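A single chain, nothing else alongside it, follows as structure tokens in the form predicted on its own.
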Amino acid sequence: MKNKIQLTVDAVVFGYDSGNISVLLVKRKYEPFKDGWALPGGFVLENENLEQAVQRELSEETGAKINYLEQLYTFGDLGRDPRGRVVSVAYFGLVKPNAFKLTASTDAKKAEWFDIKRLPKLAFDHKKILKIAIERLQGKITYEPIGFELLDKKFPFSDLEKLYTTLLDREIDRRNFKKKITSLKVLDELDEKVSIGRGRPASLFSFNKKRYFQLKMEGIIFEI
């Protein structure tokens, strides 16, 4: 009789704060890869769907409760898990790291944020999963307005530029970027200014949630 294929979920949770991108990892409490770092995740129970499973695992292993996680990819290479034939459905999301307090339990000994450019060695095939998640995130922000919710309620336009420069990991054409963002009408200019460096005070903006989510639903394309 052939071995039963088991199903797991993994969560790639990116954090953005002040120009830095991090990813949420857990230190494993048990074998395999005991004391190794891995993405939060685990086996799907018989009485839950995939979305319930990934939210439960995140909550149990890190204390995180995230409103929306997008399905990334299904990973099923032979030998990806020493425990047997295991297929994993991975999800990813983008949050503010200070949105919740990290609390590790169940299979996790510790939960911690790591800069994506200074990562420890990862268990299983989680390095591959993370690489694909980064590529998906960078691809997604070039055609859909995402990430505005990671900024303060009121922000100078330079903060939005920094967000996109950081997520894309490259410089952007600032003039063209501002023109494209302005054309989307997702920003409301406020009657407030803030001093930044030695330059003249900069206008503050807030993002128009109604317009923002409408564009996300439409899958608007605005190549950067």
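Just so it is clear, the structure is predicted and the values come from calculations on it, not from any experiment. So that the term is clear: the rigid core is the largest set of C-alpha atoms that superpose within 1.5 Å between two forms. The numbering used is simple: start at 1 and walk along the sequence shown.
Not pictured, yet referred to below: the form predicted in complex with the DNA.
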task: Note which of 185, 175, 65, 34 lies within 4.5 Å of the DNA in the model of the complex, where distance is taken over heavy atoms; exactly one does.
output: 175
query: Do all of 92, 121 and 131 end up near the DNA in the model of the complex, with near meaning a heavy atom within 4.5 Å?
result: no
- prompt: So which stretch, 195-203, 22-30, 65-73, 48-56, is the one near the DNA in the model of the complex (non-hydrogen atoms, 4.5 Å)?
  reply: 195-203
task: Tell me, yes or no, whether residue 43 is in contact with the DNA in the model of the complex, where a contact means a heavy atom of each within 4.5 Å.
output: no
task: Flag residue 165 as yes or no: does it have a non-hydrogen atom within 4.5 angstroms of any non-hydrogen atom of the DNA in the model of the complex?
output: no
- request: Once the core is aligned, please say if the CA of residue 32 is shifted by at least 2 angstroms between this form and the one not shown.
  value: no
field: Flag for residue 164, CA shift 2 Å or larger between this form and the one not shown after aligning core
entry: no
- prompt: So with the core overlaid, does the Cα of residue 20 end up 2 Å or more away between this form and the one not shown?
  reply: no
